[in-house]
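The data below hold one chain only, encoded as structure tokens and taken in the form predicted alone.
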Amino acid sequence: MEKEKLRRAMLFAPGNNPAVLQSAGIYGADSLIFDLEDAVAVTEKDSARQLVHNAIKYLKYPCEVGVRINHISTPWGYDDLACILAAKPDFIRLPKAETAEEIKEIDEIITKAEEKYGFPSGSIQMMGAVESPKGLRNTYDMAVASPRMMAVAIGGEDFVTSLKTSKTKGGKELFVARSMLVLAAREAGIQVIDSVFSDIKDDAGFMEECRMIKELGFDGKSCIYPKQIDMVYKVFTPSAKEIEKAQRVLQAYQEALAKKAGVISLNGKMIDAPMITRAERVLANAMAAGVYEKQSGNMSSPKK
């Protein structure tokens, strides 16, 4: 059982704020995304780009660090890539992704940068944010357009605006898009990350949305407030009850194999192959989250 890369909580940090960039790593997010797009005014694009470059190059962070660049169709996208890639981020997040050709073009730019700066080939990954019906329709093609693609995400605010509607508390306007995104990501074999939840005062609504996207199959959620990280972890980190059940399922499976039994059951219920796969995934996620030790089978204190 190998450890999986967890991306339960991806915390955005505005690229034009030195204090926030310096302290971004203390909140315990699985991933950080330094933002050069929506959070940065046109007049600050150049200074924010250099600030993010220096932060990645000279500061040490306890988790992976990516950068949301401006789209390459804007006046800033190519300059973002030229500056940021020299600092070697862990990944580039492309906003408003719509076609496989965009992904391939950025892949080529990253490849040249890795060669130029002597970085290991393939060490800078990519993710694309779907924010339009066109992007949604092309999600699978984008997901397989480059081996660097490690995830796709949905940008909820822009997406619902393109539908000529707005975000509601229940999120029914995004149900189809979220489901299609999960299907495309699973077919491509990459992760899928949900949109931000912008109402900082509505903790109950945030938790409800986290539970809903987990049930849909998402791997994690974008966060814009540090306090949201712990709430995401409460939903996405396997609970003690889930871990114990997974252990019992796998133990029953192993005992059945030893006895060469054709039918596997636990507490009177048949265990089939999908249940075994889910149990293995629960333990893999628990190991990655630091709440389960493979060798001993013991549960440790949850990470936040």
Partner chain sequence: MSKLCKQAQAGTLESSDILIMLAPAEPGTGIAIELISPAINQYGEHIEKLIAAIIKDHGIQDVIIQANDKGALDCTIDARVKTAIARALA
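As the structure is a computational prediction, the values presented were derived from the model and not from experiment. Numbering follows the first chain given and starts at 1.
Form predicted together with its partner chain: not shown, discussed below.
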Legend entry - Interface membership of E244, its partner chain in the predicted bound form, 4.5 Å heavy atom rule: no
Inset, instruction - Mark N16 yes when one of its heavy atoms lies within 4.5 Å of a heavy atom of its partner chain in the predicted bound form, and no otherwise. - result: yes
Inset, instruction - Using a 4.5 Å heavy atom cut-off, state whether L51 contacts its partner chain in the predicted bound form. - result: yes
Inset, instruction - Report yes if any heavy atom of L257 sits within 4.5 Å of a heavy atom of its partner chain in the predicted bound form; otherwise report no. - result: no
Inset, instruction - Indicate whether the candidate residues S132, V144 and E187 are all in contact with its partner chain in the predicted bound form, with contact defined as any heavy atom within 4.5 Å. - result: no
Legend entry - its partner chain: the contacting residue among Q251, S265, T43, T277 in the predicted bound form [heavy atom, 4.5 Å]: T43
Legend entry - Listed residue (M270, A261, I26, L59) with a non-hydrogen atom within 4.5 angstroms of its partner chain in the predicted bound form: L59
Inset, instruction - Pick the stretch from 64-72, 26-34, 43-51, 235-243 whose residues have a heavy atom within 4.5 Å of its partner chain in the predicted bound form. - result: 43-51
